[in-house]
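Just the one chain here, the form predicted on its own, laid out as structure tokens.
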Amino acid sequence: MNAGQAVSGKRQIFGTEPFDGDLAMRGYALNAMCYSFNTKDNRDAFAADEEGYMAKFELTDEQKAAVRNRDVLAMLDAGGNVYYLAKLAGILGLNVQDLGALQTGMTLDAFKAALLSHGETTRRAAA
């Protein structure tokens, strides 16, 4: 199958699951919880009682396990949106480059090198 080929009316992208309506519905509770981390009081409440905070947002068992295990890829599989998960990642001490490395299956150093390499290619193409 080629990248972008549609199966069952959905666009397929090799190696990733597009964040569509179905995935958004599946991840609603997790993403709503992560959105709440925009305020410090909520980040503090999560840090003080993770289980109670996850229960407040009615996370599924799959989502709770992913959060407990600090498994960002499992959170994505459970419907998490990387932009919302970035809020949780910050609480866990991860940055966006850490998330990119996890999503691509690269080490952090390899991911950073790939970003720099892409920047060089883009600058050469623009010149």
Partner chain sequence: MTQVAGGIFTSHVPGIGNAIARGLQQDPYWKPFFDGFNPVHEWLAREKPDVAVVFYNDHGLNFFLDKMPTFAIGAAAEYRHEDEGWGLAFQRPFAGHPELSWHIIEQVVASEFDPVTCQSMLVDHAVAVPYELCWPGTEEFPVKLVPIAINTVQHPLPSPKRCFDLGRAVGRALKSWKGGEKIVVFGTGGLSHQLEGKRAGFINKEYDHFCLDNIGPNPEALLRHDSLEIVELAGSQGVEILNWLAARGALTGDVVELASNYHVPISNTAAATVLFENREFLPA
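Here, rigid core means the biggest group of C-alpha atoms that superpose within 1.5 Å across both forms. Numbering follows the first chain given and starts at 1. Fair warning: this is a prediction, and the values are worked out from it, not measured in the lab.
Omitted here: the form predicted together with its partner chain. The next part is about that form.
- Looking at its partner chain in the predicted bound form, residues 32, 73 and 83 each place a heavy atom within 4.5 Å of it.
- In the predicted bound form, its partner chain lies farther than 4.5 Å from every heavy atom of residue 65.
- Among heavy atoms of residue 45, none comes within 4.5 Å of its partner chain in the predicted bound form.
- Mapping the unseen interface onto this chain, residue 115 counts among the residues with a heavy atom inside 4.5 Å of its partner chain in the predicted bound form.
- Contact check for residue 109: every heavy atom lies farther than 4.5 Å from its partner chain in the predicted bound form.
- Contacts between stretch 98 to 115 and its partner chain, counted in the predicted bound form as any heavy atom lying within 4.5 Å, involve 100, 103, 104, 111, 115, listed in sequence order.
- Here residue 89 does not count as shifted, since its C-alpha moves by less than 2 Å between the shown form and the other one after the core is aligned.
- After superposition on the rigid core, the Cα atom of residue 21 is displaced by less than 2 Å between the shown form and the other one.
- Once both forms are overlaid on the rigid core, the distance between the two CA positions of residue 33 between the shown form and the other one is under 2 angstroms.
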